[in-house]
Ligand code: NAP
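Below you'll find only one chain, the form predicted alone, shown as structure tokens.
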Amino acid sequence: MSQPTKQHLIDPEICIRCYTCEMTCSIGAIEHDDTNVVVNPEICNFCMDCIPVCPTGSIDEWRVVRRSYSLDDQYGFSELPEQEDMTETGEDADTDMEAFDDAIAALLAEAHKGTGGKAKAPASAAKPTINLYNPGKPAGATVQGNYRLTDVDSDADVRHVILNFGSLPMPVLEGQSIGIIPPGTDDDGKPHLPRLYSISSPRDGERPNFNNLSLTVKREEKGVCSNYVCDLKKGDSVQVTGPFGATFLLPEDPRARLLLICTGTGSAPFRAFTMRRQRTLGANQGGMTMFFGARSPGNLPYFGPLKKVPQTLLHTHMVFSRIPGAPKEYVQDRMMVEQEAVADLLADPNTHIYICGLRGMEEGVEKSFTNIAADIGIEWQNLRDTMRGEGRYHVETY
């Protein structure tokens, strides 16, 4: 009987090719080609350092196998293989099957311990296109516009960038990302890796029925790609990879109620969600509630347009932490103020929760959900894991 072993894998459908895991791995167990990011089973020591840095959870995948999937196997994956049947039969089967089964059960339990369940797309979401373009064969786009979204005197330079793909197909869904490849090379003389940005326009384009899309990009002081994108001019050419992402998607069910929680440029996918529903459903939908945090109104992307969205479509709570003379307030604080409305959403099986923005927001949001759920007799961790398993709970933080 062959000895089973645990293997660390990466889900190619969910992975957005940000390569953060590869840069985090100190022993060089993670690598990539133009198609997939993979884990070398001969090097990986299950240290778990790569797990918390992954923004999508695609890195948190495990299988119990008799023979490890090779790098060539993994590079050929378009989706993860199912857990193989570990039952031994036939003449070579060990007589101590009970001990063997116990070993398999222990390995499976260890492999899935603490994952909280695999992220899933909403059941009604459209089927996404994944990894159509890669660094070896990128798509070419032309800049149609680059507009500043935040006040000139604010400390956040956030841009709305529109890319046109001409006759080249770029099928994207709300909640997906694309990669932008900045020109030049890194300190080692290698071409820069793509930087991922969430799409902030609906699937039919920034302008309806045009083959274009928009991005929401914040300039970072030492950000190679963010400075490149924020400085783009109309008519410039850009190399693009993607699309990426198969779970952080908009439900097509008009009855779905959306609870959206974001900070800064984490608003990008929610702008796409809002525009899609506005164009296709209007007021005939389950409603959307958004908690949107920033330092001040001048730092908040889409501040003006958001105020014009009808409350029947989107109920927005704009939360600011740096208003002179006012106490600091964060999204989790406003959630507690609005806990009755949040509790109503938590109790509704039609509710979908999306959290997007800075990773530091997660802990506070989790505490608010825990407290609000407890007040209505619900254990938040169990509810969260149930919602994740049903494709109704989604987190993308960075």
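Remember, predicted model here, so these are calculated numbers, not experimental data. Residue numbers here begin at 1 and follow the sequence given.
Form predicted together with the named molecule: not shown, discussed below.
If you check the named molecule in the predicted bound form, you find a heavy atom from every one of 295, 361 and 397 within 4.5 Å.
Residue 265 is the only one of 74, 201, 265, 241 with a heavy atom lying within 4.5 Å of the named molecule in the predicted bound form. This chain appears without its partner; in the predicted bound form, the one residue of 144, 227, 83, 321 with a heavy atom within 4.5 Å of the named molecule is 321. In plain terms, the part of the chain that comes close to the named molecule in the predicted bound form, with a heavy atom within 4.5 Å, is 322-330 out of 281-289, 136-144, 322-330, 120-128. Contact annotation: residue 356 falls within 4.5 Å of the named molecule in the predicted bound form, judged by heavy atom distances. In the predicted bound form, none of the heavy atoms of residue 195 sits within 4.5 Å of a heavy atom of the named molecule. Contact check for residue 257: no non-hydrogen atom falls within 4.5 Å of the named molecule in the predicted bound form. Heavy atoms of residue 218 reach within 4.5 Å of the named molecule in the predicted bound form, making it an interface residue.
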